[in-house]
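A single chain, nothing else alongside it, follows as structure tokens in the form predicted alone.
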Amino acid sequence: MSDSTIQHHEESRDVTFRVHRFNPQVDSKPYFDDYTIKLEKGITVLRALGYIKEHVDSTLTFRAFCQAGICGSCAMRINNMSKLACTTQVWDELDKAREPGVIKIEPLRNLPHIKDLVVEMDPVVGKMKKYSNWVDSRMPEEEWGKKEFLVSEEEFQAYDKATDCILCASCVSECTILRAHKEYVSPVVLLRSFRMNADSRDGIHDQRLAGLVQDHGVWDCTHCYRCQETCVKNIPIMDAIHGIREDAIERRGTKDTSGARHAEAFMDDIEKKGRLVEATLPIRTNGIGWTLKNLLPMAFKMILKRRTPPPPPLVKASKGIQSLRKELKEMASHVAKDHEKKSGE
């Protein structure tokens, strides 16, 4: 037996794919099917699923098209993480599997389930429409088609990475806020909104921003970074979200929404004491009326369990507060210079 034959044999093995199954026409609830097949090293998860569908179980349903990491249609959860099946190597996933030799395959989360590994994308499309995720040209309509509407290289660099998004919805699947509140704008819509607002050809910047700062909008993001960690194109989504927030505060002020007021109160506490004054944070964010109406029952429960935050006079400044204030002052100075530079441009 030649060396190449030995190597070929060593780089093949039996792999079990534990696949989420559900056909609403015949199944009362979802379940998992195990498919064990022999594979060679270098095979992607999508090719393995294709083999199962063609040679083992033709009823298995999933989406796929380009098979090159471009279209985003084969996004699914592989070993508890949203990924593109066409760019995910089976051998890599075997190293991460919780159960030796078993790769778990599930549909994306936070989207309606259609069948097996297929989810409904209409909620994402609907939110893209709601938040105007397109460039609404500033060029007068009568000039359309007569000349190009050019963007400079410097202007394009501001949103270059955001244009890499392929709408695979992996970030949607991993978003922790969407698991609790389906109305949340979603990471992909925030990313695309940032891209449109940063485009110098767009004419509805303020209109789009006004929608983004309302309930279930940009201020609901909790900075868990799951969207960015699982982005299949390594797009800095959180930078885009921060960009929208900074834009909102600059254009609309810190009193515009509860999210903006919360951010201002948060930073005020950090600057003064180096820690949050939790007892008054809800009042400074939403006002006395809202706080009494919505948080009074919870406050009574916390009092009974002796879990109330300390009153403001008892919240002492953290050690090293002077150094922190100095750093914050330097950061504010850098931000101000950046804004002056952008204004000058």
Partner chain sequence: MKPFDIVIVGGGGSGLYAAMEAMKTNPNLNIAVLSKVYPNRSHTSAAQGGANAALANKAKDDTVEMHIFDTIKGSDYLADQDAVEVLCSEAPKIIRELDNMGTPWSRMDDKTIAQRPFGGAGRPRCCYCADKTGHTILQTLYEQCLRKGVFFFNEYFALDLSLDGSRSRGLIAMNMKTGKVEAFPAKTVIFATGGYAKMYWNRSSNAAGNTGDGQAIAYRAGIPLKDMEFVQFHPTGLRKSGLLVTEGARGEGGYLVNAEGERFMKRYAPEKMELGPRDLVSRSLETEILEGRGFDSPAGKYLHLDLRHLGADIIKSRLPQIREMCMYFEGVDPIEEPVPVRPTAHYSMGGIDTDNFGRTIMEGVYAAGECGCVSVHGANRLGGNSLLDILVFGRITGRAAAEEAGKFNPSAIPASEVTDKEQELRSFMQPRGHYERYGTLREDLGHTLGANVGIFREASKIKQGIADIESLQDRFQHVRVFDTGDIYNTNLLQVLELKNMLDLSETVAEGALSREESRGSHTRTDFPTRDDEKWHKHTIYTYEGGRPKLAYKPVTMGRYELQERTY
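All figures in this text were calculated on a predicted structure; none of them were measured in a lab. Numbering follows the first chain given and starts at 1.
The same protein also exists as the form predicted together with its partner chain; that form is not shown, yet it is the one meant from here on.
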Although its partner chain is absent from this view, report whether P112 comes within 4.5 Å of it in the predicted bound form, heavy atoms only.
no
Can F62 be called a contact residue for its partner chain in the predicted bound form at 4.5 Å between heavy atoms?
yes
Can you tell me whether D34 touches its partner chain? I mean in the predicted bound form, with a 4.5 angstroms heavy atom cut-off.
no
With a 4.5 Å heavy atom cut-off, would you call Y225 a contact of its partner chain in the predicted bound form?
no
Please determine whether each residue of G217, R245 and T254 possesses a non-hydrogen atom within 4.5 angstroms of its partner chain in the predicted bound form.
no
Counting any heavy atom within 4.5 Å as contact, can you tell me which stretch out of 178-186, 246-254, 99-107, 165-173 lines its partner chain in the predicted bound form?
165-173
Among A158, A210, V118, M81, which has any heavy atom within 4.5 Å of its partner chain in the predicted bound form?
V118
For a quick check, can you give me the residues of 125-148 that have a heavy atom within 4.5 Å of its partner chain in the predicted bound form?
V125, M128, K129, N133, W134, V135, D136, S137, M139, E141, E143, W144, G145, K146, K147, E148
